[in-house]
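The chain below stands alone and is given in structure tokens; this is the form predicted alone.
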């Protein structure tokens, strides 16, 4: 077993509300007051309208979507992940907004019956110190 621990999120001013919500097993994303689009990852500039004064409001959202693509990670390139390979990273388009994409681990494992368009729902991985990171699970009827 590896002695190195998996990295934990280090929130900055722009991402702190995202990570605070994740620690409570919630998905919260900023919505731009200028164009009303959601932003992921959290940023100080709106990626949709490029406003440098987006005056974001944070909203808790349901994390359902469909898989666009995925990859199986079989080799650990970062400290702390050696005991966790193989694992699957999925690229998911969230239902809440067209083209809003999120990449995260698929909790169902590398042998899950996965395909383009598979339906997933948000889950979380708990980390030391009370942190949690968003992840996905296949929906039961997927």
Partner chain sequence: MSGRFSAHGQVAIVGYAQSPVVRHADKTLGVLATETARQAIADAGLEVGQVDGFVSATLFPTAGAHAAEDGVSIVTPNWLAANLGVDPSYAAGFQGMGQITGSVSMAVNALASGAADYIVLHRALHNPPGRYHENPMTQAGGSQQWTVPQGYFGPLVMIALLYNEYVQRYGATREAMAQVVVEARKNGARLPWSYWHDRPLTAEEYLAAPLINDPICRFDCDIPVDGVAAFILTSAERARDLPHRPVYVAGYASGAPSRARLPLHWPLDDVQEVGAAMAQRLWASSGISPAEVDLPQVYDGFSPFVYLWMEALGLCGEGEAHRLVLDGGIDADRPGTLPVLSGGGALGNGRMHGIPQMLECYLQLSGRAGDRQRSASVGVACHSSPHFGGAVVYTSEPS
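Residue numbers count along the first chain shown, from 1. Not measured: the values here are computed from a predicted model.
Here the subject shifts to the form predicted in complex with the partner chain, a form of this protein not shown in this document.
Contact check for 23, 124 and 129: none of the three has a heavy atom within 4.5 Å of the partner chain in the predicted complex. Using a 4.5 Å cutoff between non-hydrogen atoms, residue 101 counts as a contact of the partner chain in the predicted complex.
Contact annotation for residue 63: none of its heavy atoms lies within 4.5 Å of the partner chain in the predicted complex. For residue 15, a non-hydrogen atom is located within 4.5 Å of the partner chain in the predicted complex, even though that partner is not displayed. Interface membership of residue 34, defined by any non-hydrogen atom within 4.5 Å of the partner chain in the predicted complex, is ruled out. Along 74 to 103, a non-hydrogen atom within 4.5 Å of the partner chain in the predicted complex is carried by 74, 75, 76, 77, 78, 79, 81, 87, 89, 91, 99, 101, 102, 103, in order along the sequence.
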